[in-house]
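Just one chain follows, in the form predicted on its own, and it is written as C-alpha coordinates.
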(Lines give C-alpha, C1' and ligand atoms only; values in the text may rest on other atoms or scores of the structure.)
Protein backbone atom coordinates (compact mmCIF):
# COMPACT_ATOMS: atom_id res chain seq x y z
CA UNK A 1 0.00 0.00 0.00
CA UNK A 2 1.27 3.46 -0.86
CA UNK A 3 -1.14 5.99 0.62
CA UNK A 4 -4.21 5.99 2.76
CA UNK A 5 -6.31 6.52 -0.34
CA UNK A 6 -4.70 3.78 -2.42
CA UNK A 7 -6.07 0.30 -2.93
CA UNK A 8 -4.20 -2.93 -3.28
CA UNK A 9 -6.92 -4.53 -5.38
CA UNK A 10 -10.27 -3.49 -6.87
CA UNK A 11 -12.45 -6.52 -7.68
CA UNK A 12 -15.09 -5.93 -10.33
CA UNK A 13 -18.13 -8.13 -10.91
CA UNK A 14 -20.80 -10.20 -9.25
CA UNK A 15 -21.83 -9.82 -5.62
CA UNK A 16 -24.43 -12.41 -4.71
CA UNK A 17 -25.57 -15.14 -2.35
CA UNK A 18 -24.71 -18.80 -2.80
CA UNK A 19 -27.51 -21.04 -1.50
CA UNK A 20 -26.13 -24.47 -0.60
CA UNK A 21 -28.34 -27.53 -0.44
CA UNK A 22 -28.25 -29.14 2.99
CA UNK A 23 -29.24 -32.69 3.85
CA UNK A 24 -31.43 -34.72 1.52
CA UNK A 25 -34.77 -33.65 0.13
CA UNK A 26 -37.98 -35.51 0.67
CA UNK A 27 -40.24 -36.84 -2.07
CA UNK A 28 -40.13 -34.65 -5.17
CA UNK A 29 -37.71 -32.33 -3.38
CA UNK A 30 -40.07 -31.34 -0.57
CA UNK A 31 -38.39 -30.30 2.64
CA UNK A 32 -35.06 -29.28 1.09
CA UNK A 33 -33.19 -26.73 3.19
CA UNK A 34 -30.53 -24.26 2.08
CA UNK A 35 -27.61 -22.48 3.68
CA UNK A 36 -26.82 -18.91 2.62
CA UNK A 37 -23.16 -17.98 2.03
CA UNK A 38 -21.32 -15.04 0.47
CA UNK A 39 -20.70 -15.55 -3.23
CA UNK A 40 -19.44 -14.12 -6.50
CA UNK A 41 -15.87 -14.80 -7.65
CA UNK A 42 -14.54 -11.21 -7.42
CA UNK A 43 -16.24 -10.78 -4.06
CA UNK A 44 -14.52 -13.93 -2.80
CA UNK A 45 -11.14 -12.59 -3.95
CA UNK A 46 -11.72 -9.27 -2.19
CA UNK A 47 -12.69 -10.94 1.11
CA UNK A 48 -9.71 -13.30 0.90
CA UNK A 49 -7.32 -10.39 0.36
CA UNK A 50 -8.87 -8.40 3.19
CA UNK A 51 -8.37 -11.34 5.55
CA UNK A 52 -4.70 -11.36 4.56
CA UNK A 53 -4.42 -7.71 5.55
CA UNK A 54 -4.61 -6.04 2.15
CA UNK A 55 -6.92 -3.19 1.20
CA UNK A 56 -9.49 -4.46 -1.27
CA UNK A 57 -12.70 -3.11 -2.73
CA UNK A 58 -15.65 -4.59 -4.57
CA UNK A 59 -17.10 -2.78 -7.57
CA UNK A 60 -20.53 -4.08 -8.54
CA UNK A 61 -24.21 -3.92 -7.64
CA UNK A 62 -26.77 -5.42 -5.30
CA UNK A 63 -30.49 -4.81 -5.00
CA UNK A 64 -32.27 -2.45 -2.64
CA UNK A 65 -33.50 -5.43 -0.67
CA UNK A 66 -32.65 -7.39 2.47
CA UNK A 67 -30.29 -9.69 0.57
CA UNK A 68 -28.39 -6.64 -0.69
CA UNK A 69 -28.32 -5.04 2.76
CA UNK A 70 -26.88 -8.21 4.27
CA UNK A 71 -24.17 -8.54 1.60
CA UNK A 72 -22.97 -4.97 2.09
CA UNK A 73 -22.96 -5.40 5.88
CA UNK A 74 -20.88 -8.58 5.67
CA UNK A 75 -18.37 -7.04 3.26
CA UNK A 76 -17.95 -4.01 5.50
CA UNK A 77 -17.46 -6.28 8.53
CA UNK A 78 -14.74 -8.08 6.56
CA UNK A 79 -12.94 -4.79 5.95
CA UNK A 80 -13.73 -4.71 2.22
CA UNK A 81 -14.39 -1.24 0.80
CA UNK A 82 -17.98 -1.00 -0.47
CA UNK A 83 -18.27 2.65 -1.51
CA UNK A 84 -18.45 1.51 -5.15
CA UNK A 85 -21.20 -1.05 -4.62
CA UNK A 86 -24.26 0.37 -6.39
CA UNK A 87 -27.74 -0.18 -4.96
CA UNK A 88 -30.16 -0.80 -7.82
CA UNK A 89 -33.94 -1.41 -7.95
CA UNK A 90 -33.38 -4.88 -9.44
CA UNK A 91 -33.24 -7.84 -7.03
CA UNK A 92 -29.98 -9.16 -5.61
CA UNK A 93 -28.55 -12.16 -7.47
CA UNK A 94 -28.51 -15.68 -6.04
CA UNK A 95 -26.99 -18.98 -7.09
CA UNK A 96 -28.08 -22.44 -5.94
CA UNK A 97 -25.15 -24.77 -5.25
CA UNK A 98 -25.16 -28.56 -4.97
CA UNK A 99 -22.06 -30.63 -4.26
CA UNK A 100 -20.90 -34.07 -5.32
CA UNK A 101 -19.54 -36.62 -2.86
CA UNK A 102 -16.07 -35.27 -3.69
CA UNK A 103 -17.07 -31.70 -2.91
CA UNK A 104 -17.25 -30.52 -6.52
CA UNK A 105 -19.96 -27.85 -6.90
CA UNK A 106 -22.65 -27.49 -9.53
CA UNK A 107 -24.28 -24.09 -9.94
CA UNK A 108 -27.79 -23.03 -10.90
CA UNK A 109 -27.74 -19.27 -11.47
CA UNK A 110 -30.69 -16.94 -10.85
CA UNK A 111 -29.10 -13.81 -12.27
CA UNK A 112 -31.39 -12.81 -15.14
CA UNK A 113 -31.89 -9.04 -14.85
CA UNK A 114 -30.58 -9.04 -11.28
CA UNK A 115 -28.72 -6.05 -9.89
CA UNK A 116 -25.25 -7.53 -10.44
CA UNK A 117 -26.04 -8.09 -14.12
CA UNK A 118 -27.51 -4.61 -14.67
CA UNK A 119 -24.68 -2.42 -13.36
CA UNK A 120 -24.53 0.68 -15.58
CA UNK A 121 -21.20 2.05 -16.80
CA UNK A 122 -22.01 5.36 -15.10
CA UNK A 123 -21.76 3.59 -11.72
CA UNK A 124 -18.09 2.74 -12.36
CA UNK A 125 -16.44 5.93 -11.13
CA UNK A 126 -12.76 6.70 -11.77
CA UNK A 127 -11.87 6.57 -8.06
CA UNK A 128 -12.55 2.81 -7.97
CA UNK A 129 -9.53 2.20 -10.18
CA UNK A 130 -6.94 3.70 -7.81
CA UNK A 131 -5.59 0.21 -7.29
CA UNK A 132 -2.39 -1.69 -7.89
CA UNK A 133 -4.43 -4.55 -9.37
CA UNK A 134 -7.91 -4.72 -10.82
CA UNK A 135 -9.56 -8.16 -10.97
CA UNK A 136 -12.24 -8.83 -13.59
CA UNK A 137 -14.05 -12.12 -14.21
CA UNK A 138 -15.45 -12.98 -17.61
CA UNK A 139 -19.04 -13.14 -16.30
CA UNK A 140 -18.97 -9.34 -16.57
CA UNK A 141 -19.34 -9.67 -20.34
CA UNK A 142 -22.70 -11.44 -20.52
CA UNK A 143 -25.04 -8.40 -20.78
CA UNK A 144 -24.71 -5.12 -22.70
CA UNK A 145 -24.81 -3.16 -19.43
CA UNK A 146 -22.02 -5.21 -17.93
CA UNK A 147 -19.96 -5.05 -21.12
CA UNK A 148 -20.06 -1.26 -21.01
CA UNK A 149 -19.31 -1.21 -17.27
CA UNK A 150 -16.39 -3.60 -17.77
CA UNK A 151 -14.96 -1.43 -20.53
CA UNK A 152 -15.21 1.62 -18.25
CA UNK A 153 -13.54 -0.18 -15.36
CA UNK A 154 -10.66 -1.43 -17.54
CA UNK A 155 -10.17 2.00 -19.10
CA UNK A 156 -10.04 3.73 -15.71
CA UNK A 157 -7.67 1.10 -14.35
CA UNK A 158 -5.33 1.55 -17.31
CA UNK A 159 -5.51 5.33 -16.96
CA UNK A 160 -4.41 4.95 -13.34
CA UNK A 161 -1.63 2.56 -14.47
CA UNK A 162 -3.03 -0.37 -12.55
CA UNK A 163 -2.49 -3.94 -13.73
CA UNK A 164 -5.51 -5.81 -15.10
CA UNK A 165 -6.00 -9.35 -13.79
CA UNK A 166 -8.51 -11.48 -15.73
CA UNK A 167 -10.00 -14.56 -14.09
CA UNK A 168 -11.35 -16.58 -17.01
CA UNK A 169 -13.96 -18.35 -14.84
CA UNK A 170 -15.86 -19.26 -18.02
CA UNK A 171 -19.58 -20.04 -17.57
CA UNK A 172 -20.31 -20.95 -21.17
CA UNK A 173 -24.07 -21.38 -20.64
CA UNK A 174 -24.41 -17.65 -19.88
CA UNK A 175 -23.75 -16.84 -23.56
CA UNK A 176 -26.26 -17.59 -26.30
CA UNK A 177 -23.54 -17.61 -28.96
CA UNK A 178 -20.20 -19.37 -28.25
CA UNK A 179 -18.50 -17.36 -30.99
CA UNK A 180 -19.47 -14.09 -29.30
CA UNK A 181 -18.24 -15.45 -25.98
CA UNK A 182 -14.83 -16.33 -27.40
CA UNK A 183 -14.48 -12.97 -29.16
CA UNK A 184 -15.42 -10.92 -26.09
CA UNK A 185 -13.20 -12.89 -23.73
CA UNK A 186 -10.33 -12.73 -26.21
CA UNK A 187 -10.61 -8.95 -26.40
CA UNK A 188 -10.61 -8.68 -22.60
CA UNK A 189 -7.56 -10.89 -21.99
CA UNK A 190 -5.60 -9.04 -24.68
CA UNK A 191 -5.45 -6.11 -22.21
CA UNK A 192 -4.51 -8.20 -19.17
CA UNK A 193 -1.16 -8.34 -17.40
CA UNK A 194 -2.14 -11.52 -15.53
CA UNK A 195 -4.60 -14.23 -16.61
CA UNK A 196 -5.80 -17.03 -14.33
CA UNK A 197 -7.19 -20.05 -16.16
CA UNK A 198 -8.28 -23.54 -15.19
CA UNK A 199 -8.25 -26.49 -17.55
CA UNK A 200 -12.04 -26.26 -17.71
CA UNK A 201 -11.95 -22.57 -18.64
CA UNK A 202 -9.56 -23.20 -21.51
CA UNK A 203 -11.56 -26.21 -22.70
CA UNK A 204 -14.66 -24.02 -23.04
CA UNK A 205 -12.70 -21.53 -25.12
CA UNK A 206 -10.53 -23.73 -27.28
CA UNK A 207 -10.97 -27.42 -26.52
CA UNK A 208 -7.54 -29.04 -26.34
CA UNK A 209 -5.90 -25.93 -27.81
CA UNK A 210 -6.12 -23.88 -24.61
CA UNK A 211 -2.47 -22.89 -24.46
CA UNK A 212 -2.50 -21.94 -28.12
CA UNK A 213 -5.55 -19.77 -27.42
CA UNK A 214 -3.67 -17.97 -24.64
CA UNK A 215 -0.64 -17.57 -26.88
CA UNK A 216 -2.85 -15.95 -29.50
CA UNK A 217 -4.92 -13.70 -27.24
CA UNK A 218 -2.79 -13.03 -24.14
CA UNK A 219 0.77 -13.33 -25.38
CA UNK A 220 2.01 -10.37 -23.34
CA UNK A 221 0.45 -11.52 -20.06
CA UNK A 222 1.63 -13.87 -17.35
CA UNK A 223 -0.59 -16.95 -17.04
CA UNK A 224 -1.57 -18.73 -13.85
CA UNK A 225 -2.72 -22.19 -14.93
CA UNK A 226 -4.57 -24.36 -12.42
CA UNK A 227 -4.82 -28.09 -13.13
CA UNK A 228 -6.71 -29.51 -10.17
CA UNK A 229 -4.86 -32.44 -8.64
CA UNK A 230 -2.09 -31.98 -11.19
CA UNK A 231 -0.84 -28.75 -9.63
CA UNK A 232 -0.44 -25.29 -11.14
CA UNK A 233 1.97 -23.40 -13.34
CA UNK A 234 2.96 -19.78 -13.88
CA UNK A 235 4.07 -18.93 -17.42
CA UNK A 236 5.44 -15.55 -18.47
CA UNK A 237 8.54 -13.42 -18.90
CA UNK A 238 10.19 -15.47 -16.14
CA UNK A 239 9.75 -18.68 -18.12
CA UNK A 240 7.67 -21.38 -16.45
CA UNK A 241 7.48 -22.54 -12.85
CA UNK A 242 5.23 -25.24 -11.43
CA UNK A 243 3.99 -26.29 -8.00
CA UNK A 244 2.12 -29.41 -6.83
CA UNK A 245 -1.35 -29.24 -5.34
CA UNK A 246 -1.63 -29.68 -1.57
CA UNK A 247 -3.39 -32.98 -0.83
CA UNK A 248 -6.29 -32.26 1.49
CA UNK A 249 -9.83 -33.52 2.06
CA UNK A 250 -12.23 -31.48 -0.08
CA UNK A 251 -15.52 -30.60 1.63
CA UNK A 252 -16.53 -27.93 -0.89
CA UNK A 253 -14.45 -26.71 -3.83
CA UNK A 254 -16.56 -23.56 -4.28
CA UNK A 255 -14.21 -20.58 -4.24
CA UNK A 256 -10.99 -22.61 -4.30
CA UNK A 257 -9.80 -20.86 -7.44
CA UNK A 258 -10.69 -17.47 -5.98
CA UNK A 259 -8.67 -18.20 -2.83
CA UNK A 260 -5.77 -19.41 -5.01
CA UNK A 261 -5.84 -16.15 -6.97
CA UNK A 262 -5.98 -14.08 -3.79
CA UNK A 263 -2.97 -15.94 -2.40
CA UNK A 264 -0.98 -15.35 -5.57
CA UNK A 265 -1.91 -11.66 -5.62
CA UNK A 266 -0.92 -11.43 -1.97
CA UNK A 267 2.63 -12.48 -2.88
CA UNK A 268 2.77 -9.98 -5.75
CA UNK A 269 1.60 -7.21 -3.43
CA UNK A 270 3.99 -8.25 -0.66
CA UNK A 271 7.01 -8.26 -2.99
CA UNK A 272 6.04 -5.13 -4.89
CA UNK A 273 5.78 -7.10 -8.13
CA UNK A 274 4.14 -5.13 -10.92
CA UNK A 275 4.21 -5.68 -14.65
CA UNK A 276 7.43 -4.25 -16.05
CA UNK A 277 9.30 -4.43 -12.73
CA UNK A 278 12.14 -6.86 -12.05
CA UNK A 279 10.16 -8.81 -9.44
CA UNK A 280 7.54 -9.60 -12.07
CA UNK A 281 10.13 -11.31 -14.27
CA UNK A 282 11.66 -13.29 -11.36
CA UNK A 283 10.73 -16.97 -11.28
CA UNK A 284 11.11 -16.98 -7.49
CA UNK A 285 8.23 -14.50 -7.21
CA UNK A 286 5.93 -16.80 -9.14
CA UNK A 287 7.08 -19.91 -7.28
CA UNK A 288 6.06 -18.17 -4.04
CA UNK A 289 2.80 -17.06 -5.64
CA UNK A 290 1.92 -20.65 -6.56
CA UNK A 291 2.88 -21.92 -3.11
CA UNK A 292 0.72 -19.41 -1.27
CA UNK A 293 -2.07 -19.78 -3.82
CA UNK A 294 -2.18 -23.53 -3.19
CA UNK A 295 -2.14 -22.98 0.57
CA UNK A 296 -5.12 -20.64 0.35
CA UNK A 297 -6.96 -23.01 -2.00
CA UNK A 298 -6.42 -25.93 0.39
CA UNK A 299 -7.93 -23.92 3.22
CA UNK A 300 -10.89 -22.81 1.10
CA UNK A 301 -12.00 -26.38 0.33
CA UNK A 302 -12.04 -27.38 4.02
CA UNK A 303 -15.50 -25.91 4.72
CA UNK A 304 -18.79 -25.24 2.97
CA UNK A 305 -18.85 -21.80 1.36
CA UNK A 306 -16.25 -19.92 -0.63
CA UNK A 307 -14.49 -18.17 2.26
CA UNK A 308 -15.48 -20.06 5.42
CA UNK A 309 -12.33 -22.19 5.35
CA UNK A 310 -10.12 -19.09 5.37
CA UNK A 311 -10.22 -18.59 9.12
CA UNK A 312 -6.72 -19.49 10.37
CA UNK A 313 -4.28 -17.59 8.18
CA UNK A 314 -1.23 -17.00 10.38
CA UNK A 315 0.81 -19.47 8.33
CA UNK A 316 -0.13 -17.68 5.11
CA UNK A 317 0.67 -14.28 6.59
CA UNK A 318 4.02 -15.61 7.74
CA UNK A 319 4.86 -16.70 4.20
CA UNK A 320 3.79 -13.29 2.90
CA UNK A 321 6.09 -11.69 5.45
CA UNK A 322 8.99 -13.80 4.23
CA UNK A 323 8.12 -12.94 0.62
CA UNK A 324 8.04 -9.26 1.54
CA UNK A 325 11.54 -9.46 3.05
CA UNK A 326 12.86 -11.39 0.06
CA UNK A 327 11.45 -8.81 -2.32
CA UNK A 328 12.72 -5.80 -0.36
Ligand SMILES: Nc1ncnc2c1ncn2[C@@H]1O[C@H](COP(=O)(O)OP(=O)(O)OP(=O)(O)O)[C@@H](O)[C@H]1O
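The model shown is predicted, which means the values in this text are computed figures rather than measured ones. Residue numbers count along the first chain shown, from 1.
Just so it is clear, the following notes concern the form predicted together with this ligand, a form of the same protein that is not shown.
Stretch-level contact analysis of 206-214, 111-119, 88-96, 250-258 against this ligand in the predicted complex, using heavy atoms and a 4.5 Å limit, identifies 250-258.
Taken together, the three residues 14, 55 and 76 lack any non-hydrogen atom within 4.5 angstroms of this ligand in the predicted complex. In the predicted complex, this ligand lies farther than 4.5 Å from every heavy atom of residue 281. Residue contact check for residue 163: none of its heavy atoms lie within 4.5 Å of this ligand in the predicted complex.
This ligand in the predicted complex comes within 4.5 Å of a heavy atom belonging to residue 294. Using a 4.5 angstroms limit between non-hydrogen atoms, residue 301 touches this ligand in the predicted complex. Contact with this ligand in the predicted complex, judged by any heavy atom within 4.5 Å, is made by just one of 132, 222, 226, 150: 226. Checking 82, 184, 143, 245 for any heavy atom within 4.5 Å of this ligand in the predicted complex turns up a single hit: 245.
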